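The form predicted alone is given below as one chain in C-alpha cells.
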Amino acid sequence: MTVPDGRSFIEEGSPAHDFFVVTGGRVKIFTLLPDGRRQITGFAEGGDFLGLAASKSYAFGAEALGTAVLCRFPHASMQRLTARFPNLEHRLRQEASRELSLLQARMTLLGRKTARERLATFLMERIRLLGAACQETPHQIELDLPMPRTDIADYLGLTIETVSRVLSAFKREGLISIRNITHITIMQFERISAIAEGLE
C-alpha cells in the first residue's frame, strides 16, 4: 500500500488486526495526550515493522512522513506465514522485542537526559540507521533529516527553540556542520557519542 504524506494508517486505540512493514519512505509514530495533542515517539524507515507487539489494540498512531510504501499483513495470517517461511518467526519475535526495547530507551531519554544528551542521542540513532556506511568515515558522517525540527523537538520532549540552541552550540564547538535544516554533517563522532552516553 502507498500512503501519501501526512496520512495516518494506524489509529491509536483501534483494533490491531494488522501489522506493517515499511518498504519505502519514512513514517512517524505518535501517541495521543489527554488534551488531544500528539507526542511523537519515534520514526520508522525501510525494513522496520510496526504493530507486531500489539495485542488487541494499537498503542500508537502512525503517519506517513512524505510518501510511504508499506506491506500490510493480518495478524490472523501470521501462523500461516511462519509455517511457510520458518525463518520469519524468529525475525518477527526479534522485531516485537525491538518495539519494546525502543519504548524503554525512550523512557530513559525523556526521564534522565539533558537537552544536549537528548539531541546527541537522536543524532546517534540516525547514524545507526546508516549501518556499515558510517563505519567507513567515522569522523565525518552525512545525515539527512527528513523530519522538520518541530517533529524532532516533539520527539525529544523539547521546545523547537531549545533544539535550535543546542544545534547551534554543537556547531560552535565544531561537533557538527549544518548545511541546511535537513542536512547535518557529524564532524566529531566520538564526542557526539560521548555526550549521548552522558560522559561529557
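Under this definition, the rigid core comprises the largest set of C-alpha atoms superposing within 1.5 Å between the forms. Treat the numbers as computed from the prediction; the structure is a model and nothing was measured. Don't overthink the numbering: it's just position in the shown sequence, from 1.
Keep in mind that the form predicted in complex with the DNA is not shown, yet the notes after this line are about it.
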| field | Contact test, all of Leu119, Gln140 and Met187, partner the DNA in the model of the complex, heavy atom 4.5 Å | value | no
| task | Would you kindly say which of Ser57, Thr67, Gln39, Thr159 lies with a heavy atom within 4.5 Å of the DNA in the model of the complex? | result | Thr159
| message | Heavy atoms within 4.5 Å of the DNA in the model of the complex: which stretch in 24-32, 162-170, 58-66, 40-48 meets that? | response | 162-170
| query | in the model of the complex, does Ala115 have a heavy atom within 4.5 Å of the DNA? | reply | yes
| query | Pro148: heavy atom within 4.5 Å of the DNA in the model of the complex? | reply | yes
| message | Given a 4.5 Å distance limit between heavy atoms, list every residue of 171-193 close to the DNA in the model of the complex, or none if there are none. | response | Ile181
| message | Superposed on the rigid core, does the Cα of Arg38 end up 2 angstroms or more away between this form and the one not shown? | response | yes
